[in-house]
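For reference, the chain that follows is the form predicted alone, supplied as structure tokens.
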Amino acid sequence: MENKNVKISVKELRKSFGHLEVLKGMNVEVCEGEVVCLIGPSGSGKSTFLRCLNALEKITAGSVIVDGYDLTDKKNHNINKVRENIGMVFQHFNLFANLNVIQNIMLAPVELKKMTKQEAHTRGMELLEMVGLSEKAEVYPSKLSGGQKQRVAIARALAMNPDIMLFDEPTSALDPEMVGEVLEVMQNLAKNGMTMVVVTHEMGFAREVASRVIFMDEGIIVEEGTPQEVLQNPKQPRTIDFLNKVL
């Protein structure tokens, strides 16, 4: 990791919901341009970890530093500044049903006064072109397939020109034939050097695109390394057991 720009630094991160400790002292660094895939069984803390990276969850203990901002520092009132730099894509799209596609994409840059309406519209159309949906600009979300909704959600997250993209199981709510179109957009982002943290069950994507794979279970990192190391030559019995079930 020498000489690399560290975008995310997580030290001894703990997160509890009441008496239930979901994250038990996680340490992770993500450098610029890296694609880190988090895999593991349901309930292992992957999504909670992701939500801690942009302060959607309150951190119980430890530190999370994103782009130099300490999210755990009480004096850091700039949490929204940090969030502007982080695009997040959820499992269930979270598009606004009462806005059409281009309005969904323009909303944040205009509301946060990052762009004029005209600039946001131009940028929105470029992003729709990029995700292969320019002809759907005036369509409402209810008229889109799941794969199209997710591609719009990715375009919307990119509208703020983030440095980092977080994906929380972006394909798990999709019909199998729509998964490929979303993964292709993500693959292109990775090729263009976007820093990405992806919670996924798509082992093929992790194998082909990830710079690093982290296997989590019960709130800890069990194993991490290159896709080759973790997916093809896992060392830990728990990793081997999990991969035997999913591969």
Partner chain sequence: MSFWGLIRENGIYLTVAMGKTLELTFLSLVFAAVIGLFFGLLNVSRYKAFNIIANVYIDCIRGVPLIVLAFFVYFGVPMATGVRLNALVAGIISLSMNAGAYMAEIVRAGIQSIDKGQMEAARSLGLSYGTSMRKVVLPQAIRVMIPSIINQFIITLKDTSILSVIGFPELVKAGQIVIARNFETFKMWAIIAVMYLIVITTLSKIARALERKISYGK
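Numbering follows the first chain given and starts at 1. These figures come from a predicted structure and were not determined experimentally.
Beyond what is shown, the protein has a form predicted together with its partner chain; the following relates to that form.
- Three-residue candidate spot Glu32, Ser145 and Lys191; no residue lies within 4.5 angstroms of its partner chain in the predicted complex by any non-hydrogen atom.
- Proximity to its partner chain in the predicted complex, defined as a heavy atom within 4.5 Å, singles out one entry of Met203, Ala61, Ile220, Leu56, which is Leu56.
- The partner is absent here; in the predicted complex, the one residue of Ile102, Leu174, Met88, Ala120 having a heavy atom within 4.5 Å of its partner chain is Met88.
- Contact annotation: Leu112 falls within 4.5 Å of its partner chain in the predicted complex, judged by heavy atom distances.
- Contact annotation for Arg151: none of its heavy atoms lies within 4.5 Å of its partner chain in the predicted complex.
- Taking non-hydrogen atoms only, Asp163 never approaches its partner chain to within 4.5 angstroms in the predicted complex.
- For Lys136, no non-hydrogen atom is located within 4.5 Å of its partner chain in the predicted complex, even though that partner is not displayed.
- The stretch that touches its partner chain in the predicted complex, counting heavy atoms within 4.5 Å, is 46 to 54, out of 33 to 41, 212 to 220, 46 to 54, 62 to 70.
- Heavy atoms closer than or equal to 4.5 Å to its partner chain in the predicted complex belong, across 84 to 100, to the residues Glu84, Ile86, Met88, Phe90, Asn94, Leu95, Phe96, Ala97, Asn98, ordered by sequence position.
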